[in-house]
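Presented below, as structure tokens, is a lone chain in the form predicted on its own.
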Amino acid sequence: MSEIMKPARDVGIVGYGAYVPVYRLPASEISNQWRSGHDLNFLPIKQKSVPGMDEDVITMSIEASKNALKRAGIHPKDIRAIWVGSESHPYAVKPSGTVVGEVLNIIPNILSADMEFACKAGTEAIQAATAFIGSSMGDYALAIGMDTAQGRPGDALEYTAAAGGAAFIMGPAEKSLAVVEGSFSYVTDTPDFFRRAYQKYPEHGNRFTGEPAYFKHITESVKALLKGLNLKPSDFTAAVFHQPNVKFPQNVAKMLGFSKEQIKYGLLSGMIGNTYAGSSVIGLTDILDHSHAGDRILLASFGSGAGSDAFSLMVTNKIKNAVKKAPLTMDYVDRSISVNYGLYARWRNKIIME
């Protein structure tokens, strides 16, 4: 068994922020379009968040990062790196991070890169930021997980592929509201989900989706993390897992020995859908909104292709004052304006006029 990953210099979350677009597409709208007359009880979620016509990964990353900066209480120029994790960057060749840095007055004296590992691109960014700060290459780094995920019209994915995510400013432990105790990553070549070049929509390797993809990778990363830190599920106040739907995170929590009480916060997929790179990390922001000093949090992501990053975080007494400095995650989740399928299809360029 490989050792857990722990930086030489203690690192933690100094500031965090979430963002979810205000617009919601009811699952019944999708069903009525493609499955007219069918029983609506099968619907996987009630509704999903969708971006407005002027919103994308960059604009949403900026909003979440503004909230993270408010909670961190640092000057933007103190940040020395930006990583944006997403599978729906607006440009195929042009980084999202440079625009985020420009708008927030962070650039030019920084390192910036975009990351992509399906739904774990956000935790991948957190890993990179933790290592960067942990090696003393800088004192603060911005890690973002954000998506405006696509779903082929009529495909099962269209019900859950949603928009939103979170931003985290990682910094020295003594400045942090939650310290990284350790992490562990588990990766294999498992083709459960992919999109080739020039394809607009992704494809499923359906027989791999649950096992050996989602459940195998999360359980392996979490078990290794717990063993490496000599912890057990009961040592955690809360846990959040990647949320492709409502059932998967609940099932994997049970498999690993976590209770329903431990996952009552952060389970947002039923309200806003699967935000992909933003899924597990936006769940973490909801947990932090309700945390207290001494709470231990488990974060476990999953990314198709496939891999999982697991983290153990210990909340500090700085959480109390930080939370109230920016909108709560549920403030974004609870606000909503319903749109119909036609408007959604136009905004997401699903209607091609030739």
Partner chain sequence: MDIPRYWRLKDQRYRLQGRKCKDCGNLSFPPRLVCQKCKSRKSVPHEFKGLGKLYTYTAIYQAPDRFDPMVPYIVGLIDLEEGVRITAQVTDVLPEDVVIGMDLEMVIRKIYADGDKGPILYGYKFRPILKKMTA
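Keep in mind that this is a model prediction, so the values were computed, not measured. Positions refer to the first chain, counted from 1.
Only in words, not in the display: the form predicted together with its partner chain, which the text now covers.
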Item to complete: Please state whether all three residues 149, 248 and 261 have a non-hydrogen atom within 4.5 angstroms of its partner chain in the predicted complex.
Response: no
Item to complete: Using the partner position in the predicted complex, report whether residue 293 sits within 4.5 Å of its partner chain, counting heavy atoms only.
Response: no
Worksheet item: Using heavy atoms and a 4.5 Å limit, would one call residue 327 a contact residue for its partner chain in the predicted complex?
Response: yes
Discussion item. Residue-level contact is defined here as any heavy atom of the residue lying within 4.5 Å of its partner chain in the predicted complex; does residue 59 satisfy this criterion?
Written reply: yes
Discussion item. Whether residue 90 contacts its partner chain in the predicted complex should be assessed with a 4.5 Å heavy atom distance threshold; does it?
Written reply: yes
Worksheet item: Among 178-186, 98-106, 162-170, 216-224, which stretch has residues with heavy atoms no more than 4.5 Å from its partner chain in the predicted complex?
Response: 98-106
